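The chain below stands alone, shown as structure tokens; this is the form predicted alone.
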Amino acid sequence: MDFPTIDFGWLGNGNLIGLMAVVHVFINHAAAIGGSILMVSIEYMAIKQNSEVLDRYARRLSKWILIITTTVGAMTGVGIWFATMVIEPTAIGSLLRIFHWAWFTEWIIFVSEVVLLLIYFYMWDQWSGEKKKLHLRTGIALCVMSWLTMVIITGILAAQINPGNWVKTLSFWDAFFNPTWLPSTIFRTFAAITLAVAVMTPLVGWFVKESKDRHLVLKMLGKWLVLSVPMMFIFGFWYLKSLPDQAQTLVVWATGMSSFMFLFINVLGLLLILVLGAMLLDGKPKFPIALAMFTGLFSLTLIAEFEIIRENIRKPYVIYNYMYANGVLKDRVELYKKEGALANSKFSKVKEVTEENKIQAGEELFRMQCIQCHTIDGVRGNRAMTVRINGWSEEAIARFIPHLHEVRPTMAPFAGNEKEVEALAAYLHKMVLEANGANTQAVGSK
């Protein structure tokens, strides 16, 4: 309404944000947080055991963590906010107003994290002997900074799904310390460690050739895994119970699975990871490589599933009970139904619907209130209008639009007057016919 719209058409705006978020979370959780904790744990073990092999292994890990987090991690980190900013500018604007200083603080901590990582890697050989303790403390500080960035960002993300009393008080502290912040932060912490162990375990044999040292590393990974999986389960359950009631009912729906399959796959997967952890505890250099590979793939899938669920259970909101997914404020819907959305839009070229501009007005309305989730003919069939309303008459579309949020509770209500409903219906009908190869000229002449 207050910003120009950008449509990534075939891919879909929601898909672009989702892809960027999943890649970034993979790197942030597996490398920056979980990977750093494991890397410093191995360095600590190297000092304790006086092992040059483990020291070299930890150094090699630091090199890869430095490369991955400062290239793909940094690019996707900026990319996710840039993509969200141009697709959901109203939502990002609101979040910036609420969390301005939290975001600034997070940036300072992120810069500190990068500086510490650079010092940690480049001073590895220089800080030897007595200075080795200083190097280890630098690594611990790096882990703390990596974790703190997640703590702050989780406060912002958690507020979107359950802002708690913020809707009434508009207090920053009510928004940040929302009901889902603590359980989701602890859940993510142990999920990051689990993911890092899962990714690292199949590669240990490649990087650590000596049997004795490999035994120590695997045993350490087993300890982290046995601790992290139950913690994930406990705090994941707490996180689930802290969600709004409607959001809780959407968790299984968001995965596209049946309740049985959802429970079966996730419980079985976590149990198998726990089994791997128990097997690693004895430190035997040989373990089922298939189980290790499964653990890595399942952990990556679990993180993707978590992000998809988190994005979908907010619906129909982008900030719960405050702003709908299309950027329309909840308390402005009735106003737009009375006065019209176009008349209240700063960037729309059409302010009032007429017979001459009906299609153009419909396109403006589609871009304002639909493209955040839907496409005309995009890659995701269940979000494409060519699939959703294929075969519908213009009149049927017009009758459905005012009631779409009643039929589909995950959709935001259409915020516009009767003329705008007709304009949107006419535009969708025309575009779907064109996209599906119908003769729109013949239809238009009727």
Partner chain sequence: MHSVIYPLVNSPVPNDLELAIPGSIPFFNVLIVIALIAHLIFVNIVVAGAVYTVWNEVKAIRKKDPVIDRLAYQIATQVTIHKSIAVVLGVAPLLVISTIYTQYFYPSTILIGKMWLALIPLLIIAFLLLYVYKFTWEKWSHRKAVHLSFGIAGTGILLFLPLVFISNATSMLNPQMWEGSRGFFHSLFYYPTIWQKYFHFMSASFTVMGMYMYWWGRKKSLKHSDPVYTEMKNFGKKSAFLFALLQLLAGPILLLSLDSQVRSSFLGGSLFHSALLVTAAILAVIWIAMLLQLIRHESKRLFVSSLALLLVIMGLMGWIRGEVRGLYLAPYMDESPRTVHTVK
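Small disclaimer: the values here were computed from a predicted structure and weren't measured. Positions refer to the first chain, counted from 1.
This next part talks about the form predicted together with the partner chain, which is not shown.
Asker: Could you tell me which stretch in 260-268, 306-314, 72-80, 142-150 has residues with non-hydrogen atoms within 4.5 Å of the partner chain in the predicted complex?
Answerer: Only one stretch qualifies here: 72-80.
Asker: If we define contact as a non-hydrogen atom of the residue within 4.5 angstroms of the partner, is residue 205 a contact of the partner chain in the predicted complex?
Answerer: Residue 205: no, not in contact with the partner chain in the predicted complex.
Asker: Residue-level contact is defined here as any heavy atom of the residue lying within 4.5 Å of the partner chain in the predicted complex; does residue 135 satisfy this criterion?
Answerer: Residue 135: no contact with the partner chain in the predicted complex.
Asker: Please determine whether residue 396 contacts the partner chain in the predicted complex, using a 4.5 Å cut-off between heavy atoms.
Answerer: So residue 396 does not count as contacting the partner chain.
Asker: Answer yes if any heavy atom of residue 110 is within 4.5 Å of a heavy atom of the partner chain in the predicted complex; otherwise answer no.
Answerer: Flag for residue 110 set to yes.
Asker: Each of 179, 240 and 328 near the partner chain in the predicted complex, meaning some heavy atom within 4.5 Å?
Answerer: No, none of 179, 240 and 328 comes within 4.5 Å of the partner chain in the predicted complex.
Asker: Using a 4.5 Å cut on heavy atoms, which of 166, 224, 187, 298 is close to the partner chain in the predicted complex?
Answerer: Contact residue from the list: 166.
Asker: Among 359, 376, 92, 272, which has at least one heavy atom within 4.5 Å of the partner chain in the predicted complex?
Answerer: Only one option qualifies, and that one is 92.
Asker: Going through 34-71, which residues have a heavy atom within 4.5 Å of the partner chain in the predicted complex? Please give them in sequence order.
Answerer: Read in sequence order, the residues that approach the partner chain (within 4.5 Å, in the predicted complex) are 63, 66, 67, 70, 71.
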